[in-house]
Structure formats: C-alpha cells, structure tokens
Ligand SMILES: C[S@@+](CC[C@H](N)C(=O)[O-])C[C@H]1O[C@@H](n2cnc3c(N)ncnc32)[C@H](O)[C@@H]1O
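The data below hold one chain only, encoded as structure tokens and taken in the form predicted alone.
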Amino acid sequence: MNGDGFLHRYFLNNGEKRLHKWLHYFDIYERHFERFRDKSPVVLEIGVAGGGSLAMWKGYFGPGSKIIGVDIDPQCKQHEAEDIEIFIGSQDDPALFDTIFEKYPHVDIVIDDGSHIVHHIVKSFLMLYARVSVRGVYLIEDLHTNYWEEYGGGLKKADTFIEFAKSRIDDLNACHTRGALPPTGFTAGTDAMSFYDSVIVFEKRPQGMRQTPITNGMFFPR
C-alpha cells in the first residue's frame, strides 16, 4: 500500500456520512495524492452524494486544505462544513465552473466521480484540465461505465472517455510524430497518464524540449 494507508483506514472505520468507493481505488489515491498532504491543496470533487468523500478528503489533506463539491442535487448542500463548500449544478455547465474558478482560481486536484455519463466526463475534462494548477492532478473514476450502454458507453465506442484518453497518449508523444501531430497545450503541460481498472489519472507538469544526450566512459589512449 502506498503512503500510510490513511484513506483505506478512514473508509473501513467510517461511521458517519455515506462513503461509497471501490476498495482498489485507495492505493491509487494515495499514490497520486500523497505529495499534496499538509500542503493546503484545493480539491474539486464532482459528485457529492452522501458527502462522505468530501469529509474524507478534508481529513486526508489536512488543515488549510479547501474541498469543493459539485452535485446536481440541491440536498447535497447539507454536507457543507468548515473548508468544504458545495456548488449545485451539472458537470457539463461551463457557467458553473466559471463561478467556481472565479472564487477558487487555483485548483490542485480534480476528482470526477459525477454522473459517469460518457459525454459529461469528456466535457468536464475539456473545460477543467487546462485550469488545474500546473503541477496538479486530474483523476476520473468509475470509468467501467464507459463500457455500459446506459451511460452512453460501449467497447471501442468512439465518443467514450476511454477512447478519448487513448488519443491523449498520442498528444503526450506529439514531439516524436515528425510533424504528423503538432504538440498542444496538453503535450506541454502533461507529465504522465496512468491507467488502472476503472480509473485514469493525469499528472500535470510543465514540459521542456526533449533532449537525448549520450554519456560514455573516459577515453584513455594506449
């Protein structure tokens, strides 16, 4: 297990707000989020439901962190607490996110655990990824729904987020395509993509020119 296992223990010992997660997610969270602990990050989670994950993130990231929730259900406002603010609206609404980023211009982590509808996931990513801090993380979970028809999915269906993410692999490597694919803002700002069962994580970091130096041992003439 990565980190100190805080999130897994929190989940198993939770006796407060409803918290619903696949168990294998916790290693993924700790692997990608550990570096933000006690650094006062701003975390935006799409999907509030029972409010348990917002409280979990606050406990994990520690004092000074700000946790933002987004949900379409107005009743989710009841889960607000100190340093936890909830905005009501749909994850495909640009005006909603404009309002959020006007108040919180620096967001370090986005977690998409929202509707799980494929076109919502793609649209949210296109609206938010470039606005996440330059060394931030964008995590989408429950992507198994991309294979389910009731969420707009299907195996190798062209408009799913799974297929969208596969194309981003080419963007990540655009510098090596000999001009076939020009580098984009995604190329220049993305360090890594990690694929897991039902989860994809994008790690941001400013990229420089690719270099390939050669090193060798010292030459001693005979």
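Small disclaimer: the values here were computed from a predicted structure and weren't measured. Each residue number is its position in the shown sequence, starting from 1.
Although it is not shown, the form predicted in complex with the ligand is what the next lines describe.
With the ligand omitted here, the record of contacts in the predicted bound form names 71-79 of 131-139, 71-79, 100-108, 146-154, defined by a heavy atom within 4.5 Å. In the predicted bound form, residue 113 approaches the ligand with a heavy atom inside 4.5 Å. The ligand is not shown here, and in the predicted bound form it never comes within 4.5 Å of any heavy atom of residue 204. When contacts are judged by a 4.5 Å heavy atom cut-off, residue 189 does not count as touching the ligand in the predicted bound form. Interface membership of residue 55, defined by any non-hydrogen atom within 4.5 Å of the ligand in the predicted bound form, is ruled out. Taken together, the three residues 18, 21 and 49 all lie with some non-hydrogen atom within 4.5 angstroms of the ligand in the predicted bound form. Residue 120 is the only one in 117-142 with at least one heavy atom within 4.5 Å of the ligand in the predicted bound form.
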